[in-house]
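Presented below, as structure tokens, is a lone chain in the form predicted alone.
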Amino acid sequence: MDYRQTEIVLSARDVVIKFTLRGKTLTAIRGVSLDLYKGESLAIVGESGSGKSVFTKSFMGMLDANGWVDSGEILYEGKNIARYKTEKEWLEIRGKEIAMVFQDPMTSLNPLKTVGLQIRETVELHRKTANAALTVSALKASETKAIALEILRDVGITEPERRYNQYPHELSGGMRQRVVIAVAVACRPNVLICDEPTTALDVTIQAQILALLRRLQEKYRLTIVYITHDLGVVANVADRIAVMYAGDVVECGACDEIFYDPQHPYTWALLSSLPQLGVKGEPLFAIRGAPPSLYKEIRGDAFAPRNPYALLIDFEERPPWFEVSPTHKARTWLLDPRAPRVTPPPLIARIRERRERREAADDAR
């Protein structure tokens, strides 16, 4: 996909998000800018607490009561939705235009309502139809039930007529997650945000859910944002990857660029932490130290105290964006022409070698 030729669905510009906690102010998102392109799959990855969920919740007005967008813009269809204040304004966006799949399906569904009713309620709230007189009216109950059954089939639920009348506790974890996805896509949103959609599921079901999301993306022409701490999960589904650390995006590029040509030391560390890259008999790699406190002003590169490749300037000045390719950029002083040449860690070289071997094997066939 040539992103420069693709329509931008949503554009975040220098977004700063703050929270008040116990009388202190915490800056959770520190001037993030990111574009979301129509029809793409964008994965936002990073450690827990890096700001992935907070950032995307701001697209739907779902920040906790003690949080707010302090500055910056979130542009959707020409409107700065970061300035929305009322629930009425957000209801024009939430669910109808931008929907979210949460990581815990049991807490996402109402245990007192049947599966079918929960999907129907979403359809009735956000979908309306124009009658012959060109006036907008609510859908009939029979119409919403038919839509709910169709969506249950689309998300791969067998015997949808029977499941329609069941309660969430009667379904398996994988089945419940399919229902959560059904509720999210029921009103045909433009953007679907999937917040750790496979965390609570076993590996086999994870693969099924990711394959399901790919099918739904094609059928419903969705733009999908995946939120995860596991790069391995998004390797086969993401078109682009944005790497977040301490409330900032530090690297962004096409999936292949992030996996095979990463530039930021934090991205190197995340990739090196993948268990798939471990060597038998050797300890698994772990990122030393802990993320910085977001209560304090961060000086320089937030990752510098944990970065074995840090330069003196990393502790003094926040690095600007450096362009690696038209679709790949990273916020690291190592890309400055004046910086010393640094060799990525051996595990990163191992990823490249594996790719080269696989490509050579494919060419030999």
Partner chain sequence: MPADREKLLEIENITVRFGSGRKKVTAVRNVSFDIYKGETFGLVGESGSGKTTIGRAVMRINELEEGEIRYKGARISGKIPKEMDREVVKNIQMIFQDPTASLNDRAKVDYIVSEGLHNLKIYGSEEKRRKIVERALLDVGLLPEFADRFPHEFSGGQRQRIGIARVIVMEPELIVADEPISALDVSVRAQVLNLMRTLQREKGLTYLFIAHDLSVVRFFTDRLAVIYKGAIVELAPTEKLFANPLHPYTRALLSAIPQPDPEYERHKKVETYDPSLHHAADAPEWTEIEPEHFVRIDIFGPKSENA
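Numbering follows the first chain given and starts at 1. Everything numeric in this text was worked out from a predicted model, so none of it was measured.
Keep in mind that the form predicted in complex with the partner chain is not shown, yet the notes after this line are about it.
For the candidate set Y260, W90, Y167, F102, a heavy atom within 4.5 Å of the partner chain in the predicted bound form is found for exactly one residue, namely Y260.
Proximity to the partner chain in the predicted bound form, taken as a non-hydrogen atom within 4.5 angstroms, holds for one residue of E40, D314, D35, E47, which is E47. Shown alone, this chain has one stretch from 107-115, 273-281, 144-152, 183-191 that lies within 4.5 Å of the partner chain in the predicted bound form by heavy atoms: 273-281.
For E77, no non-hydrogen atom is located within 4.5 Å of the partner chain in the predicted bound form, even though that partner is not displayed. In the predicted bound form, the partner chain lies within 4.5 Å of some heavy atom of V233. Contact check for C255: a non-hydrogen atom falls within 4.5 Å of the partner chain in the predicted bound form. In the predicted bound form, none of the heavy atoms of T86 sits within 4.5 Å of a heavy atom of the partner chain. Within 4.5 angstroms of the partner chain in the predicted bound form, the stretch 332-359 places a non-hydrogen atom from each of I351, R354, R355, R358, E359, taken in sequence order.
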